[in-house]
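Heads up, the chain below is alone and in the form predicted alone; it's given as structure tokens.
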Amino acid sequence: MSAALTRRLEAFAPARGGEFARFAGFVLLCFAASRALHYGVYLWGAVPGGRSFAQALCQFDCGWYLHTATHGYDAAPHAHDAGDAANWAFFPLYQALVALVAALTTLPALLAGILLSNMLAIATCLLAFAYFDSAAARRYFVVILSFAPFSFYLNAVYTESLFLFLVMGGLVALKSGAFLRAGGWGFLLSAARPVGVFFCFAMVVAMLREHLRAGGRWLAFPAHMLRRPDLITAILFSVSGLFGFMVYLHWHMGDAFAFSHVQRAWGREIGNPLAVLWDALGANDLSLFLARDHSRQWCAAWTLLWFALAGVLAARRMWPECIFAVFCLVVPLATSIQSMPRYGFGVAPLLIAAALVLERLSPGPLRAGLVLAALNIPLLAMWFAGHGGLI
């Protein structure tokens, strides 16, 4: 390394460190303000049953995560009215981490899960410092995770915070060309959610992009891959979390695909995602959402927004992010329109696209935060009240 380059790096490091410190302060300020807002809405609203703040945050699938963290996986179906539901549908990484935090802190599983979710959400924002080149885009990303509609899932015992964190880590690794490290993030992703396995396609696209930038040709890419065992290893490693869970399910109850088969208990079966979306758009049932019930039209409207943000990624030629986001939308959509609003919020590339849109519009972080918080408050109050349309 030349002396001139060494001097440049030494001059750059303190400035970069100071910039990161200021960014970390902004992250902590946003999260403190958003959690104060959550608590204020809890105090203002009429929470059924006089439940504590932590208990009010624990809605719907939260019970499944806590049950798995404290009791492990079921030996047989037992839940729902038909007795056909089991916790095999919930991939193991998040619950294992909740159990670990509970053991290390001696906190009850519910509080350990809330602590874990918040720490992961903060870590996701800090990873944005390495991902975004623009300081403004970083700040908008933090504002979205702190105040946007459905951001309260990051303060609850749900996997959204873990999934966002792992995807951001993987994208940072891909950006730096560290494919083996990206494979490690992919391994964790495929152990966290079923769609995590599709991160391998983002990796392949990033590998192809690097190959083309180095002067390679499209047709030579397969041969390039065969000459790079590290790339093949990274891809195989990225999907091994799923296969590990399948081996466990086969050993535990004799069905490696139990995580898929048990989805029938939730009324989920594979279909045509476009047909599911089209049918939901014409459902004309938006009034059900106002009546605290599930509305397919409400979910379809959010689904269109998520696909529009995927379109932003495509327009910017952010192909690894776009490919992964599309898989994360199309696969669950093929089974049901239900839960698509929160599924989309949990896909980091879509929030990255939203941050880039806000950067282009330049409303300022404060104004953007106030508008997003105003949109989020009614949903947060509905969440505390157990609104069925937010499942």
Partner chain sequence: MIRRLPWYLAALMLAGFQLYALYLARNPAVDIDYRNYFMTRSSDCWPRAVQDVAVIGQPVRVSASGAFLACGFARPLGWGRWTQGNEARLRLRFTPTTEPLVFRFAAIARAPVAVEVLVNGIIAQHVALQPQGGVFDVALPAGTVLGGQTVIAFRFAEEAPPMGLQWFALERAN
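Numbering follows the first chain given and starts at 1. All of these numbers come straight from a predicted model, not from anything done at the bench.
There is another form of the same protein, the form predicted together with its partner chain; it is not shown, and what comes next is about it.
- For the three marked residues, Y153, P378 and A381, no heavy atom of any sits within 4.5 Å of its partner chain in the predicted bound form.
- The partner is absent here; in the predicted bound form, the one residue of P108, P222, G177, G254 having a heavy atom within 4.5 Å of its partner chain is G254.
- H80 is the sole member of R292, R317, R217, H80 with a non-hydrogen atom lying within 4.5 angstroms of its partner chain in the predicted bound form.
- Interface membership of L226, defined by any non-hydrogen atom within 4.5 Å of its partner chain in the predicted bound form, is confirmed.
- The shortest heavy atom separation between Y73 and its partner chain in the predicted bound form exceeds 4.5 Å.
- Mapping the unseen interface onto this chain, S240 counts among the residues with a heavy atom inside 4.5 Å of its partner chain in the predicted bound form.
- In the predicted bound form, its partner chain lies farther than 4.5 Å from every heavy atom of S134.
- None of 113-121, 137-145, 308-316, 246-254 except one has non-hydrogen atoms within 4.5 angstroms of its partner chain in the predicted bound form; the exception is 246-254.
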